[in-house]
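Just one chain is shown here, as structure tokens, and it is the form predicted on its own.
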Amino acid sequence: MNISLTNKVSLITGGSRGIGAATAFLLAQTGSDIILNYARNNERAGAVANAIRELGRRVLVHQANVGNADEARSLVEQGIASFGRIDIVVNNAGIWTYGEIGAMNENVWDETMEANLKSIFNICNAVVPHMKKSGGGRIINIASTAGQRGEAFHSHYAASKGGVIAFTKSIAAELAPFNILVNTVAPGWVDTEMTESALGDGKSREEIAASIPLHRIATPEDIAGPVLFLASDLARHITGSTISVNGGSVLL
């Protein structure tokens, strides 16, 4: 069975860079039209959209803060108005910041919860009624190894990603009767702009790579592949699961 997303429409949040951009491009390569959400970088989003158009796929670019319920709903409604359906959702938008417990500002906690967890609730809450009407769909949420094992000095991030995993399991059971499959991909270290503060130093990069059994740091494309698998018919009997993509660094 070949992987084909021909005649599918995929919505990717946080699609202007990193995992989101790689996922959008890969899904387009396999036939899907794309709804590309981004928060700030219009130039980067435009470049990703142009690359998708060069593949012969249709693409809608929509700026929105998906942590805001109204903006998330507008994104989904615009996608439906443009394409008539949304078959696949990849909830990728998120942030990773430093936070020492005992000294963390409440706003830092709230900002992370809004960007990483509430955004997924907002998008799912808006898109699920449309998926029910169309007879099904796929939702893939991007979590993190931090949500599986915790992460010192990033407790707010770990809590938000742990919430993503629990939320995914909950709605997977709820939506299974409607043929809506919901799964999570949990990356470990990935070489993106979000992690460049930690990976930018050559020595730190070497130490992190050495701590991973496969001795390499993932590329965004390494994460996009499992997302594509979950979006495809090859994963038609998988729901409520978490695929860990971390080179063996966290074994559950």
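For every residue, the number given is its place in the sequence shown, counted from 1. If you're wondering where the values come from, they're calculated on a predicted model, not measured in any experiment.
Missing here is the form predicted together with a small molecule; even so, the following discussion is about that form.
Engineer: Among 37, 67 and 95, does every residue place a heavy atom within 4.5 Å of the small molecule in the predicted bound form?
Structural biologist: Result yes, every residue of the spot touches the small molecule.
Engineer: Quick one: find which of 101-109, 131-139, 85-93, 168-176 has residues within 4.5 Å of the small molecule in the predicted bound form by heavy atom distance.
Structural biologist: Going through the listed ranges, the match is 85-93.
Engineer: Between the options 115, 124, 72, 180, which residue brings a heavy atom to within 4.5 Å of the small molecule in the predicted bound form?
Structural biologist: Exactly one residue meets the criterion: 115.
Engineer: Of 224, 190, 49, 28, which one comes within 4.5 Å of the small molecule in the predicted bound form, counting heavy atoms only?
Structural biologist: Contact with the small molecule in the predicted bound form is made by 190 alone.
Engineer: When the contact criterion is heavy atoms within 4.5 Å, does residue 9 count as touching the small molecule in the predicted bound form?
Structural biologist: Output for residue 9 is no: heavy atoms all beyond 4.5 Å of the small molecule.
Engineer: Within a 4.5 Å heavy atom cut-off, is residue 19 in contact with the small molecule in the predicted bound form?
Structural biologist: Heavy-atom contact with the small molecule at 4.5 Å: present for residue 19.
Engineer: Closest heavy atom of residue 211 to the small molecule in the predicted bound form, within 4.5 Å or not?
Structural biologist: Result no; residue 211 lies far from the small molecule in the predicted bound form.
Engineer: Indicate whether residue 204 is a 4.5 Å heavy atom neighbour of the small molecule in the predicted bound form.
Structural biologist: No, residue 204 is distant from the partner.
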